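Two forms of the same protein chain are encoded below as structure tokens; each is given separately, as structure 1 and structure 2.
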Structure 1
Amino acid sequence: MSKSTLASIIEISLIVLAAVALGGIWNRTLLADAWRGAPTSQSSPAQAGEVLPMPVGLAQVKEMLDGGQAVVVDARSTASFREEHIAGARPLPLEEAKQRTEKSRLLDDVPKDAVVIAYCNGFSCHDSTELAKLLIAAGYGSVYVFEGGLPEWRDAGYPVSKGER
């Protein structure tokens, strides 16, 4: 075995050992919990039988909104809605929806068979998914999530509004 081959093997071994050590340090809490048999603090997967909202893309949201085929709901805070929102959207902040004791009245004037699209601040925002789950639990049958949210809508040059409506 040549010196360069031996040096390469040692270098690769050191890189693998460093990766294992860093991975162990990074996940030390998770590994310690697993060792003790404790439940993890990570979010749980969807429960069996739970209905999850389907994602919908920018083009479909635009088409359904333009055709009057869907109600678009903004899951962000009221202040964020007033600052800017998709033109024609309705405000329904997630925190407000969670506090309503009568879930069936989340969208008073929207029939349960209407198509509802929830959005928030883009792919990193999960409020729209949580709001969509509440709407499904309240009896709305066709609920979708626009994952690109306001940033994707605005970047596409589609109309936005300010204020209450």
Structure 2
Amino acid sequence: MSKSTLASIIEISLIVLAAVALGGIWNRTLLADAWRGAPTSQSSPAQAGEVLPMPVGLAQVKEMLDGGQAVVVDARSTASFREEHIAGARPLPLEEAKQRTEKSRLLDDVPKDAVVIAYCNGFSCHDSTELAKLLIAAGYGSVYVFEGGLPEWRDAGYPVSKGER
């Protein structure tokens, strides 16, 4: 192995190590939370910058919705909701939720200890995560994001509905 190749290998290793160290330190709270598989603890939102909602899978959403254990909210627009939504979900468009000044008014009739699951148009859509963060900020303790969203639900052949509710 030539000297310059060796030098490059050492340099590359050092650069990668530096990136791992910097990234690890910069995101230490986030990584620690992700390692535990838990959402960022609410006591230190300043450090992480954000509170992370937990992801939840298709089967669990179905089970919790059927069992009446969770409130499923649709983060998409009212028009999309009217067109098609998960049967039993309630509309809470992200845009609308953002505009409500009193965050406690997001879901008037849902107690703060209820399980809330947000969804939108699948993995490419981040509105559900944004909405979930708003809900956490509003004081809801168990907020989940169904990342597969409507597409995964529909593909699984689970019931969808049209209209206002």
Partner chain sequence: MNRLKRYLPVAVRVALGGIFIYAALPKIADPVSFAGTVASYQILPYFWSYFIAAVLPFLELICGVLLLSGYRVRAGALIVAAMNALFMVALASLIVRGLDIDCGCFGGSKTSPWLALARDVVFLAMAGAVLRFEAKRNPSPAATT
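Keep in mind that this is a model prediction, so the values were computed, not measured. Whichever C-alpha set is largest while still superposing within 1.5 Å between the two forms counts as the rigid core. Numbers follow structure 1, counted from its first residue as 1.
Visitor: Determine, for this pair of isolated chain forms, which one is the form predicted together with the partner chain.
Guide: It is the second structure that is the form predicted together with the partner chain.
Visitor: Hey, does Ala156 budge by 2 Å or more at the Cα between the two structures once the core is superposed?
Guide: Shift of 2 Å or more: no.
Visitor: After superposing on the rigid core, how many Å does the CA of Ala18 move between the two structures?
Guide: So the C-alpha of this residue moves 25.4 Å.
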